[in-house]
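Just one chain is shown here, as structure tokens, and it is the form predicted on its own.
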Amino acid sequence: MTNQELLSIKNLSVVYNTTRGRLIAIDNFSLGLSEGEIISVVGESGSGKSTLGYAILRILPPNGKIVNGEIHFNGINIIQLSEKELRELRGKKISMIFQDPMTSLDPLMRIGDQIVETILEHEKMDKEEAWNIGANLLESLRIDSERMYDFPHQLSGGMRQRIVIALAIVLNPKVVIADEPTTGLDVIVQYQILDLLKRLRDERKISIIFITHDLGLAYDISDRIAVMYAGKLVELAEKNKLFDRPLHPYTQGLLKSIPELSIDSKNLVSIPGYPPDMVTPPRGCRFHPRCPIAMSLCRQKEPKLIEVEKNHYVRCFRSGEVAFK
């Protein structure tokens, strides 16, 4: 991994217009991704993780809008690109692996035809050459090239996800956004997918944003982990630092809620309450209604994200104090 920053997100804010009013999905979010780095973005459902991925590629739903911030890829601000320029970017330079492979794959097209279609959308070559590229790619991912002739329903869940990964990397992008790519897969297949992603990083020098709610998976694959809560980045650190000494009460709660075979289930800790309604978010720290160590300041003023230790950032007035025992 190098220190050169490939993707830089600065002060990004995204809102959704709903029947109840404006919902704040991402609020003043900043993050950098280096070449060859894997960053996991973790948090509960509704924290803004998937919206972050959609915003980077500018594929937000019609009621979603980027209202502030910059997203730079190799020095180019993605937010300022035209639709034509975005088509050149998507898939070829930045690609995405979506949660459900069955919604990413056309059930009426052979796997090979879908790969060929993806290649020909960006590259000038004949279909036979594109087919051979797809077949060779599947073999490199340890998938029999004969699967090019199969339809999605003929494949297992794990195989379909690997095909989706093949579609995401066939144009050799620099950045891959993996949005909960192991959802619905059994544990063995989950770790096969993680190993595949790590191998792609090592062999192809791909940088990966791995979006997940599973801290165990995040630890296995990541260099750094970014913790999101209610649209905010609340903690960012190298994975060992974050697991060894979580500084934000929310991160502590997430780690304490991970089941361990060596302990009695009655000792598991859960975070009380629910994530806030982001149409009417709470004043001050977003986490204070659920935080066992919140003080009056937390209810009045929002903490800033600060570097408490080297390369360890946290958004909390009482960072490092034990909240969940």
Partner chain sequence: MNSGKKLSLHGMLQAISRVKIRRPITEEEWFITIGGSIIFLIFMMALLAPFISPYDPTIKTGASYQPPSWEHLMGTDKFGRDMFSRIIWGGRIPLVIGLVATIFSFAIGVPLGLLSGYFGGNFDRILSLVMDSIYSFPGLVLAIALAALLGSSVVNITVAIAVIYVPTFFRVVRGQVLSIKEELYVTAAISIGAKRRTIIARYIFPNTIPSIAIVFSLSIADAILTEAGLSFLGLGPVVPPVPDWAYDLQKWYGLAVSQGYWWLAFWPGFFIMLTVLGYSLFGEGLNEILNPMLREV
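Just so we're clear, the structure is a prediction, and the values are computed from it rather than from any experiment. Residue numbers count along the first chain shown, from 1.
Another form exists, predicted together with the partner chain; not displayed. Remarks below refer to it.
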Partner contact check in the model of the complex: of 25 to 33, 277 to 285, 296 to 304, 52 to 60, the stretch with a heavy atom within 4.5 Å of the partner chain is 52 to 60
Three-residue site R87, T118 and E121 fully in contact with the partner chain in the model of the complex at 4.5 Å by heavy atom: yes
Report whether the minimum heavy atom distance between I208 and the partner chain in the model of the complex is within 4.5 Å. no
Look up in the model of the complex whether E180 has a non-hydrogen atom within 4.5 angstroms of the partner chain, and give yes or no. no
Residue-level question: is N136 within 4.5 Å of the partner chain in the model of the complex, judged on heavy atoms? no
Does L242 reach the partner chain in the model of the complex, with heavy atoms at most 4.5 Å apart? no
Counting any non-hydrogen atom inside 4.5 Å, which residue from M109, L141, I76, M125 sits next to the partner chain in the model of the complex? M109
The one residue among A237, I163, M228, M96 placing a heavy atom within 4.5 Å of the partner chain in the model of the complex is M96
Considering only 99 to 113, what residues come within 4.5 Å of the partner chain in the model of the complex, judged by heavy atoms? D100, T103, S104, L105, D106, P107, L108, M109, D113
